[in-house]
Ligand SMILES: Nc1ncnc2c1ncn2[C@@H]1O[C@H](COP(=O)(O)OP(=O)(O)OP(=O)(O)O)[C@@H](O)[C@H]1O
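Single chain ahead, by itself, as structure tokens, in the form predicted alone.
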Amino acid sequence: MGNMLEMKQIRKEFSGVPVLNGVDFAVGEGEIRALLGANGAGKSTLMKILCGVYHATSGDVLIDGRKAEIKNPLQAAENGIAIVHQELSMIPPLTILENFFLGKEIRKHGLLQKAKMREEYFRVCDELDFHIDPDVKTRDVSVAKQQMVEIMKCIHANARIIIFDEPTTSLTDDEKKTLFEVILKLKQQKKTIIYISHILEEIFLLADTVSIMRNGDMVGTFPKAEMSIPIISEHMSGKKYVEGQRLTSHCKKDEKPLLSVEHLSAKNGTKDVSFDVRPGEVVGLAGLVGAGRSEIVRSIFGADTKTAGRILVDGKEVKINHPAHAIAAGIGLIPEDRKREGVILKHEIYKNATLIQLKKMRSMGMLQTAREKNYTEQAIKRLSVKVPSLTAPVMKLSGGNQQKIVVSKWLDDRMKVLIFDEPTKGIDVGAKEDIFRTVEEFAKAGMAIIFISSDLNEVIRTSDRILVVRGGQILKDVDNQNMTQKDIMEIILQ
């Protein structure tokens, strides 16, 4: 099996700071290669160079043994390279069909051939066994469905080299199964697949070989048979692997609830939801994708309009019709979609870290930049955030470090309730541990925590109690004593 793709001595610097240190990377025709590394290891930068988003400082890209000129995404596409991005790239106001064909519209005599476009769209839907209304606005569908459309676009491009960058983070088990079947079909068609994921179980299911990066260097490429989770973790971090333990409970069971939700209903499908969270308690929300977990917490936070019910903080009812009301009441939210709702990507790191702290950052009515930067320096040290400088835009950070900047906004003693909605989505093992440690710190400080994750192991590991959700309702409120994934799934499917 010859190498379809070779990247030789790829170097990349940003503002003089090395990010890739002469990386060699080669993948064979018909091979599924897992590309792994901690957030900031350089794997996304390497792939963006391959896709023409970034230009390498030096080095060559060869396809079928011939040097390829890839200065922009169009040239990458012309060379048969396509990518399914970790961060969604569709335009929210456009319809699904418009996003699907964006820049590749079918025209005849200058006129859009909408019937032909719809025919092509439904053909790919049938191939994936996944169907979504092509006329619905993209902003009105879930992150999971948007991700599937990204995958459909990639498959429709009929590329020879396909990069999947965290494609399953928002997919249900059935959607994942469909995706894996498609990837294996592509392998049979001699497509070259580069698969990036922090879900290591997927690597063992799909990959033929595994390449691991660390700190801008290629550690090595290994047969999948030689890999295990401890070995991969040690190559990624350079440290001895230690399996994560259950978080220590800091729940103050004898104290009154810090957050009470009573008969909450909302336009987003939340139905008659009631529960309490005590000081230091972590309450997990478990359920399948689309179960309504995020909708419940968005209703609490005022991001979606509630139609009935009461919310009490520290025993006092609070009127929340807008996120600003929630923040004023001491409720914070780390949203599922950090790119669109958690940070302002083009703004500096220190400005993002202090977004809800602006009153504390003022003196005589003027923002004090030195005060903002001091707060940010303490926050990034506490959360182990890797940043080139405080003035760098957040978009320059890896996904895991972006997530930590989202968390940094809430390091404020005024906050009483903090909601984590899929906080580990698309981040590496080490960054996940930092997030778990932060959850425990907040709980230890006496905050009430709500924790949502599609990974049931994470919910089990972090939570004192688990609310099992389906159809916008709480099926069961269970004490997390020796709960297993099987126990939770049995409740979900009952």
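The first residue of the shown sequence is 1; numbering continues from there. Everything numeric here is computed off the predicted structure, so don't read it as measured data.
Beyond what is shown, the protein has a form predicted together with the named molecule; the following relates to that form.
> Would His198 count as a contact of the named molecule in the predicted complex, using a 4.5 angstroms cut-off between non-hydrogen atoms?
His198: yes, in contact with the named molecule in the predicted complex.
> With a cut-off of 4.5 Å between heavy atoms, is Gly399 one of the residues that contacts the named molecule in the predicted complex?
Yes, Gly399 lies within 4.5 Å of the named molecule in the predicted complex.
> Test of understanding: in the predicted complex, would Gly52 fall inside 4.5 Å of the named molecule by heavy atoms?
Judged by the heavy-atom cut-off of 4.5 Å, Gly52 is well away from the named molecule in the predicted complex.
> Answer with yes or no whether Ala41 is in contact with the named molecule in the predicted complex, where contact means some heavy atom within 4.5 Å.
Ala41 belongs to the contact set for the named molecule.
> I need the one stretch from 42 to 50, 62 to 70, 442 to 450, 462 to 470 whose residues put non-hydrogen atoms within 4.5 angstroms of the named molecule in the predicted complex.
Selected stretch: 42 to 50.
> Work out which of Glu166, Glu281, Asp421, Glu202 lies within 4.5 Å of the named molecule in the predicted complex, going by heavy atoms.
If I apply the 4.5 Å criterion carefully, the residue I get is Glu166.
> Which residue, Lys271, Lys137, Lys224, Lys386, has a heavy atom that falls within 4.5 Å of the named molecule in the predicted complex?
Selected residue: Lys386.
> Check each residue of 17 to 33 against the named molecule in the predicted complex and list those with a heavy atom within 4.5 Å, in sequence order.
Only Val19 sits within 4.5 Å of the partner.
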